[in-house]
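Below you'll find only one chain, the form predicted alone, shown as structure tokens.
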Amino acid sequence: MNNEQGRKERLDRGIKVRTDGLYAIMSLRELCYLTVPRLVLIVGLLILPLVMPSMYWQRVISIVCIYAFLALGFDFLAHFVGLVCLGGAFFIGVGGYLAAILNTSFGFPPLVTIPIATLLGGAICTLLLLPCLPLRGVYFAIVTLMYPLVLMRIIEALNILGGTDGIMGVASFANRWIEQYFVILMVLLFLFGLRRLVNLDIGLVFRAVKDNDQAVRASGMNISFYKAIAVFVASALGCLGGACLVHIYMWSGISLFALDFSILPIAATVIGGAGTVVGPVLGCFILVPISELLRAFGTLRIVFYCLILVAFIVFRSEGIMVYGQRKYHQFERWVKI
């Protein structure tokens, strides 16, 4: 088609009506334009365990999903509520110990301990963080970073919850396929659930709390209440990851409070793209396998790991997902004039 018969137009023109969440579908092409990226994500995650070359890499996929829970929670709190939380290890530890106790002491199976540990752990973490909710910025981040360090030393000093030996004999999943698809389905569920949540009315309140909490308070809303809801959502995600982790490794110990669980989700969010919801998950699927591949270099892997992070931040500071979305929306087609 030459320029006399038509002109180029971006594919998303005519699709978006008012907002990014409201569309007018006029043709099969436009329907595919909207649904194909989502279908690629869903199908890709579901077939991932089937194409892994070994059980080791299948286990790595499970660990990636654990970090994805933490990255989703961190991105939700930081980008939509304005709370930079470094307490990922705190959430993992609380959820992991709760699941281990429920399984070893009360005999509950994993599919029962995981939801209980998720909800109960989220409530416990939220209650413990309530005094910190008035804090913002670096102050909230520093305080949340202290929680896993304090709990680790308390368990070690008082020799409770198994002390440095931890709680052993935790039941595993019935088989590796249940393990794989349970964590993957949970990632997909919370991924699309969070996307829906931030587009509801309460999501607008979360954004308002981030942008100007004093204006929200002046309008008669209790900002501590909304912050508590957001912290519960993020901490429940982390506790879900901790509960799954102890059933994967069949052990719970103070290593659940390791700072890796607080730092790596932040790096994944930066690399994947903050505020995109799916970006942090993509970042985890990049960073965690890279970290595993670099284990052969011993302590030098930290150097390579840092170089990779610096390269991503310098050349793609906006995040891979933001860059990919922009390029995808710039696709063009010929239309008649």
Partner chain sequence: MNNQPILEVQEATKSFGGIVAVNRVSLDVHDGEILGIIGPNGSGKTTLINCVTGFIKMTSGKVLFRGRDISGKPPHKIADMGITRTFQIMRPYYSLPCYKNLVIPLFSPRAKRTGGWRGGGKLGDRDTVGIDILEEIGFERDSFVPYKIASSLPTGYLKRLELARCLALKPEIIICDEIFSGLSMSEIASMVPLIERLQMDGITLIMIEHRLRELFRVANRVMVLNFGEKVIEGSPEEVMADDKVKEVYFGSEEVEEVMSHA
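Remember, it's a predicted structure, so these values are computed and weren't measured experimentally. Residue numbers count along the first chain shown, from 1.
One more form of this protein, predicted in complex with its partner chain, exists but is not displayed; see below.
Using a 4.5 Å heavy atom cut-off, which stretch among 221-229, 96-104, 171-179, 68-76 contacts its partner chain in the predicted complex? So the stretch in question is 221-229.
With a 4.5 Å heavy atom cut-off, would you call Ile202 a contact of its partner chain in the predicted complex? Yes, Ile202 is a contact residue.
Although its partner chain is absent from this view, report whether Ala215 comes within 4.5 Å of it in the predicted complex, heavy atoms only. Flag for Ala215 set to yes.
Its partner chain contact at Ala208 in the predicted complex, heavy atom, 4.5 Å: Answer yes; at least one heavy atom of Ala208 falls within 4.5 Å of its partner chain in the predicted complex.
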